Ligand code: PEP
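One chain comes next, on its own, written out as structure tokens in the form predicted on its own.
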């Protein structure tokens, strides 16, 4: 059985690099004995070099985004090669907060291709803003996946994860939490879409992780009854005590 993967997305936090080092240090210390899971932390770009040496081998470094080009006149952008040179192994692409700023599926597809081409592991985020009785939201998710992975070779899928993040269940404006059944049904649906696109053998191997207000109280059921291959944790990943509890729960499974 493949290891569960727990990914901490720090977003634009904390405000001070010293605090970032403290958080990373506590996570590494608290997870030292956890051998049955994979752990990824994704700090802001400017903290990667400082957090990397603290993370060492137990906690793998991830980035929250990347550009698609290698180099050139792209003011403010960070290329896949740049972040890989800093020891980064994973990169989140297509997060709902990036999409809300205007990122299109076409741009996300370029980023996915660029990141995979240099050997980074891509966490492709998909998810609907709302649900409807007719099931049109399923077509929306399908479109995000098919366009985001357009022209991606089957051989690249070994470095792909898909993160399901229902926007209606996230943050202070959440309508209500996602249920285990929600997560299970969409995980199965995403697998079907991947199988239709790339074939059964390749499609079923892609891990599906869940990200949506994950906390200490609900993480176990998302991993067990929800059958998620891992979790994308936001707010709680900045709280070392709670993040370690989530890690230990996953490790016990």
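The model shown is predicted, which means the values in this text are computed figures rather than measured ones. Positions refer to the first chain, counted from 1.
Another form exists, predicted in complex with phosphoenolpyruvate (PEP); not displayed. Remarks below refer to it.
Engineer: With the partner removed from view, which of 95-103, 116-124, 151-159, 69-77 is the stretch that lies within 4.5 Å of phosphoenolpyruvate (PEP) in the model of the complex, judged by heavy atom distances?
Structural biologist: The contacting stretch here is 95-103.
Engineer: Should residue 38 be counted as a contact of phosphoenolpyruvate (PEP) in the model of the complex, where contact means heavy atoms within 4.5 Å?
Structural biologist: Although phosphoenolpyruvate (PEP) is absent here, residue 38 would stay clear of it in the model of the complex, with no heavy atoms inside 4.5 Å.
Engineer: Are any of the heavy atoms in residue 240 no more than 4.5 Å from a heavy atom of phosphoenolpyruvate (PEP) in the model of the complex?
Structural biologist: No, residue 240 sits far enough from phosphoenolpyruvate (PEP) in the model of the complex that none of its heavy atoms falls within 4.5 Å.
Engineer: Contact with phosphoenolpyruvate (PEP) in the model of the complex for residue 171, defined as at least one heavy atom pair within 4.5 Å: yes or no?
Structural biologist: Contact check for residue 171: yes, within 4.5 Å of phosphoenolpyruvate (PEP) in the model of the complex.
Engineer: Would you check, heavy atoms only and a 4.5 Å threshold, whether residue 11 touches phosphoenolpyruvate (PEP) in the model of the complex?
Structural biologist: Answer yes; at least one heavy atom of residue 11 falls within 4.5 Å of phosphoenolpyruvate (PEP) in the model of the complex.
Engineer: May I ask you to choose, among 223, 214, 42, 27, the residue with a heavy atom within 4.5 Å of phosphoenolpyruvate (PEP) in the model of the complex?
Structural biologist: Only one listed residue qualifies here, and that residue is 214.
Engineer: Suppose contact means any heavy atom within 4.5 Å; which members of 215-253 contact phosphoenolpyruvate (PEP) in the model of the complex?
Structural biologist: 232, 233, 234, 235, in sequence order.
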